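Heads up, the chain below is alone and in the form predicted on its own; it's given as structure tokens.
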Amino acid sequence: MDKAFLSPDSLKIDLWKAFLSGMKEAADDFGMTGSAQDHGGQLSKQISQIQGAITSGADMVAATAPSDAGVQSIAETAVDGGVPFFEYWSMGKWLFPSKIGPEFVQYQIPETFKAGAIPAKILFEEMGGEGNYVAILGPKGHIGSYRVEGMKMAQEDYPDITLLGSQYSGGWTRQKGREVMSSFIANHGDDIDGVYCNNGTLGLGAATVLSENDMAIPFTGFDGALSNIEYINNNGPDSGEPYQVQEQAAPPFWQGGWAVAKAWDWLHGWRPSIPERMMWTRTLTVLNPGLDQSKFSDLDTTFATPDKYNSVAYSDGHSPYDWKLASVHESGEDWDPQHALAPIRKSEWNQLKWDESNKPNDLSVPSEYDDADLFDQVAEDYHQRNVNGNNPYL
């Protein structure tokens, strides 16, 4: 085994740059190399690239499909090539990795509802618990846009907060954020007191429009891109500019390294249990240094300062992660994920937008999903290894 391959939508996005950096660092630790090709949102191009990578000797593939509907096709491409496959963010409706093949090792995504609620609560507190806000949701039908459900749950605790409008952006770019924010300002103007953004890049696009209109109001962000962390560091509540209250980070650098470590295990005979094949990534909250963290002590999250986050996720040298320690094959019973993960339970499938309306008539659900004790056991095992291990943020 000597080659790891990444298939993201765009390598111009900081998130995927960080993911690839983590993948390359871990690959180097295992005596491998890491490479990537971006598909630009084109499924046929992505399938062709993955086929080419496997033909050229790729031993594992990590990817995000252009849409939920495309996941099965790229997973089957990896299965046909006999290499372990890891999918991030996008996920087909009622698509269980075990149904595709043993090579579909794991699907992973930051929690949708919970991760969506945390930034909303911080935003609402920063707005003083009252006022009006708007929401930029991302592409319709993408799981990332489901975070809005967490936003709605959080708003139930703030009766004096009003949502003026929400809009799907059709993409995750700054330009899309600018377009939606321009529309909101045209319709609501100075009545807007805050902006909930389902993605940090969209938020930075919205911030440019807010700045042009002299609206120094708070907004939220997700995914842990370097440009957002730098923006948070440079723009606080007293800066006179729109300011990002937090960044909810996966974090992508760790995700890249984790995929390589588990592919290494798979190629050496390890096989994940059913609960391990679809997992939530617990997010970090990178809080704006100008905000008082003690106000948010009731939130179930791990906080990191921008400097601490950057020192791990965007380190110039080797990160604090010990990738061989993340490997069962290398470390045996002492293996340590070094980040918080939890199985996606049957009761949480609604967070993937799996419901009766889109459930196939002939669906066969793995029986393990009715075994709550099994899921409890796996969840506790990952929890204990994380809290007692080497997670650099704890």
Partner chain sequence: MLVILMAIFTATSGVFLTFDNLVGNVLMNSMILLFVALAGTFPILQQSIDLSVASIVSLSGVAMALLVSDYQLGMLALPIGVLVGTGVGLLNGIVFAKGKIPSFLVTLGSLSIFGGSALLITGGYSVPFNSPAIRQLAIGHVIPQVPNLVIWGLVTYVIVSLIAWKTTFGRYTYALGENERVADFSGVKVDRYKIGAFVLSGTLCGLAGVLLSARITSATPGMGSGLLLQSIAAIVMGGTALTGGVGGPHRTILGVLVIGVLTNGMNLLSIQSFVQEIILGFVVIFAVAMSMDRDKIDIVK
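Only a predicted model underlies this, so the values are computations on that prediction, with no experimental measurement involved. Residue numbers count along the first chain shown, from 1.
There is also a form predicted in complex with the partner chain; it is not shown, and the following applies to it.
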The partner chain in the model of the complex: contacted by all of A186, H188 and T208, heavy atom 4.5 Å: no
In the model of the complex, the one of Y168, W280, F296, F303 near the partner chain [non-hydrogen atom within 4.5 angstroms]: Y168
Partner-facing stretch of 116 to 124, 286 to 294, 159 to 167, 67 to 75, counted where any non-hydrogen atom is within 4.5 angstroms of the partner chain in the model of the complex: 67 to 75
Close approach of A372 to the partner chain in the model of the complex, 4.5 Å, heavy atom: no
Touches the partner chain in the model of the complex: S347 (any heavy atom, 4.5 Å): no
Contact of I47 with the partner chain in the model of the complex (heavy atom, 4.5 Å): yes
4.5 Å heavy atom contact, E356 and the partner chain in the model of the complex: no
Those residues of 37 to 57 which, in the model of the complex, come within 4.5 Å of the partner chain by heavy atom: Q37, D38, Q42, L43, S44, K45, I47, S48, Q49, Q51, G52, T55, S56
